[in-house]
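Only one chain is given next, in structure tokens, and it is the form predicted on its own.
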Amino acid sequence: MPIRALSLPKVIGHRGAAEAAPENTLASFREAKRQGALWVEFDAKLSADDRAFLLHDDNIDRTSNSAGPARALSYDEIRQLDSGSWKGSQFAGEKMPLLAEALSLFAQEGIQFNLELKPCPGRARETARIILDELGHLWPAAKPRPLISSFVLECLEIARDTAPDYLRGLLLEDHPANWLDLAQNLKVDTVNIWDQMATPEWVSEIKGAGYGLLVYTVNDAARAKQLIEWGVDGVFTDAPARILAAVGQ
């Protein structure tokens, strides 16, 4: 059972404020804060030259003006891409930021965060090691500890073994029968589940086992309110202001 005290928000901006701004960009994080979010969630992976940057997908097609696998590009090549115009002309020229740039913004703006380790295919081990090492060097020790999450068990094993002071979150897309064994083995602090899998019974089970519980991705205010009433600690949302209006801080 987890023994670390948790202070989780009711609302976490998913990839910033992804409904209003291009996801996983500095503009999106600023927008999340403007909407009232105290926490944001984002995805980090490695470029071909092992630089940590922010992107959810394996490919750059959906969120840039180019196409192809992210793992094939150096960060200098990634930096040349327009990663904002797909969302709106006002975001033209927005970049996929380095992890270092995002951390600098969070430290300046007092934003807490959930970093999801999102490795390119076949790159789980180096992704976790390099990103956690960079985080350890760049994130001020006096700031609140971040939450490190992943769907990739190997990434969470490395986080457990090499960065034990950080909070850890087990991301689940389905409802595995052995979820508790996984959580205990990985020594996680939170279990982060998909909204479509959330039921009152499973919420009660996770909370009864002593874990923090976060649900993704909840953009409907009534659903967010229901989940909080069931005992969920917080929800990830693309629309922080709308959900905050329903459930508060």
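All of these numbers come straight from a predicted model, not from anything done at the bench. Note that residue numbering begins at 1 and tracks the sequence as displayed.
Beyond the structure shown, there is the form predicted together with a small molecule, which is absent from this document and is the topic of what follows.
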query	finding
Candidate site K10, I148 and T190: all three near the small molecule in the predicted complex by heavy atom within 4.5 Å	no
Segment assignment from 137-145, 175-183, 112-120, 80-88: heavy atom within 4.5 Å of the small molecule in the predicted complex	112-120
Among the candidates Y211, F53, Y216, W39, the residue which, in the predicted complex, approaches the small molecule to within 4.5 Å (heavy atoms)	Y216
Partner contact for D43 in the predicted complex: the small molecule, 4.5 angstroms, heavy atom	yes
Partner proximity in the predicted complex: L171 to the small molecule, non-hydrogen atom cutoff 4.5 Å	yes
